[in-house]
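Read the single chain below, which is given as structure tokens and is the form predicted alone.
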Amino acid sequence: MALEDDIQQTFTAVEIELPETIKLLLELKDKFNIKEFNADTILKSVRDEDAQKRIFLYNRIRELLNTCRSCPLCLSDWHTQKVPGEGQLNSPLVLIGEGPGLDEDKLGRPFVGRAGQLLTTILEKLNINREKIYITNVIKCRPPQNRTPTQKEIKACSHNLELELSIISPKVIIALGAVPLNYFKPGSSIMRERGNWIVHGDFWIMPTFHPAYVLRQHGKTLTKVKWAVWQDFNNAIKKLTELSPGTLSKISLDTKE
């Protein structure tokens, strides 16, 4: 779709605000003197070819997030800083968690606490380079006492995740826990849906347990939950290989810069 068509469809008698994706693409066109007018073509070229344009978009996404005042979480005493997604904007695989915890809030990075360490271990066992994929959360500010975010907070923050996904356009998403699962399929139970594919638009979504949930288990339950998560991650990687042959090598630990 041409950018002009995107803009024309957006303007109505009651709405004149452009989608954030289109705003960023217009900025990108201006900064890099891009002559192309097709939004999909521009995004494809950015994903496939141009690291400098990806860096520009990544930095702008972070800047837009830092200006977000859509909900009161950013004013909470439990909140130190916003935690943007981290990784590559051309990743075919995106991992989505619930929201930042204490460690993430301190460091400004997603999944850096104990749950993040377990996640990194899982990825390494799958020969996936964490730095080559994209990891983010449904909400970007830490809720008080790490409580589950409310639906109002999720809705207020949703434009940030939507912007990330519209730029990346991943083949496969791994939804870590109930919150990202319900973001894509409201009213769902992670216990029932875990391990079952969800097709949402162009995304293939694999729901699985959050690493923090795994860490809370003990004995036989721990063994069962760990095996379930391992199966889910393996199935996600298998689907990624089916959907986009050859991309797995680009995100492996063996990838050469």
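Start at 1 with the first residue shown and count on from there. Because the structure is a prediction, the values reported are computed rather than measured.
The same protein also exists as the form predicted together with uracil; that form is not shown, yet it is the one meant from here on.
The stretch that touches uracil in the predicted complex, counting heavy atoms within 4.5 Å, is 107 to 115, out of 107 to 115, 87 to 95, 182 to 190, 156 to 164. Under a 4.5 angstroms non-hydrogen atom cutoff, uracil in the predicted complex has residue 99 among its neighbouring residues. Residues are counted as partner-facing when one of their heavy atoms sits within 4.5 Å of uracil in the predicted complex; in 132 to 153 only 137 qualifies.
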